[in-house]
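Presented as structure tokens, the chain that follows is alone, the form predicted alone.
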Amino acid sequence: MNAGQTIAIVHLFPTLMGTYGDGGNLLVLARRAKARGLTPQVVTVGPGDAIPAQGDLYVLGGGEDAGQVAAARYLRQSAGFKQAAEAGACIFAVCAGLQVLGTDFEVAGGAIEPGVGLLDAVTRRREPRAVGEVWAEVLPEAGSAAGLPPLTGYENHGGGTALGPAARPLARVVSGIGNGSGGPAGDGTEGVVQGHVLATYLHGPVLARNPELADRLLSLAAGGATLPDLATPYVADLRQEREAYVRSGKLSADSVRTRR
């Protein structure tokens, strides 16, 4: 890693795809990049804006059906996004963003919308809706995400995503629904990894709750550079508290601490 290396982070359609605080993922990436001596250059792309082809990391959040459909159509038509994907830029997506990057997805009323096709994944409506806390263990076969500690997050989605043979699940669900295909309880998987694309259903924002995942994305965006360790006070304690919550269904009174 070169000191001061610039990392171009492209924030895609935050006004369309930014539910449940997903915009916070950009703040985490920028802050942690600066703490490592990297220079984050955040480019925000709105509806109708040209998507730059030279980005290192592209980030897409969650959204409602109308915004999701609009985002899928913008991305399918974007020469810049296509060039970036073909060049191997790192792409990270959350919830509806995951669905958009797949082969196709179903929206309210049963309409099927083509996705961008970067993930071998198909999404259909599911019942009941997946809502609640998730605890998931990252799988050894999760490609570029392998070796990360357990993930925590909050899910709220009405779609169930089935993965094809070219895609790999990011994690195994311990508590929650995750990808949600294969019946009311889901198939036990969470998220998708395929080459340089990583996606999850977790909100929180997910990178604030799982800073190691943010660091992995930054490393990939920096060409696989090894980033120096960055102490993150309280993260381990918070993860332990969250694990206690998802395993027991409640937090004990003495495990909740006020932090400033």
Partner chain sequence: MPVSLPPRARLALGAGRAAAAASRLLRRGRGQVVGGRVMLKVDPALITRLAAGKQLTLVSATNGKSTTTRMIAGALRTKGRVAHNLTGANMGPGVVTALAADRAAGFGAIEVDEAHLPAMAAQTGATQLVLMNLTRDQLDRGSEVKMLSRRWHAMAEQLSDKTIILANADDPLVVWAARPAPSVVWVGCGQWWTDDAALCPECGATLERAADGTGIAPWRCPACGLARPQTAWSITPDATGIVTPDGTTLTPHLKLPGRVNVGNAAIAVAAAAGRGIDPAVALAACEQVEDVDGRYINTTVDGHPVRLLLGKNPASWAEMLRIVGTSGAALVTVLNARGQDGRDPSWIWDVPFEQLAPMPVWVSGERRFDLAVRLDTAGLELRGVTEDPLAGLAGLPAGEAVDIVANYTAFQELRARVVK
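Positions refer to the first chain, counted from 1. Quick caveat, the model's predicted, so the values are computed rather than measured.
In what follows, reference is made to the form predicted in complex with the partner chain, a form of this protein that is not presented.
Although the partner is absent from this view, K34 stays clear of the partner chain in the predicted bound form, with no non-hydrogen atom inside 4.5 angstroms. Contact between V10 and the partner chain in the predicted bound form is not found at the 4.5 Å heavy atom cutoff.
The partner chain is not shown here, and in the predicted bound form it never comes within 4.5 Å of any heavy atom of A185. Although the partner is absent here, A87 lies well away from the partner chain in the predicted bound form, with no heavy atom inside 4.5 Å.
Each of T19, G24 and A208 places at least one heavy atom within 4.5 Å of the partner chain in the predicted bound form. In summary, among the residues G67, P52, P40, G195, the only one with a non-hydrogen atom within 4.5 Å of the partner chain in the predicted bound form is G67. Checking A146, I112, V131, A166 against the partner chain in the predicted bound form, a heavy atom within 4.5 Å turns up for just one residue: V131.
Of the candidate stretches 75 to 83, 152 to 160, 136 to 144, 173 to 181, only 152 to 160 has residues with heavy atoms within 4.5 Å of the partner chain in the predicted bound form. With contact defined as any non-hydrogen atom lying within 4.5 angstroms of the partner chain in the predicted bound form, the contacting residues in 223 to 243 are P233, Y234, V235, D237, L238, E241, R242, given in sequence order.
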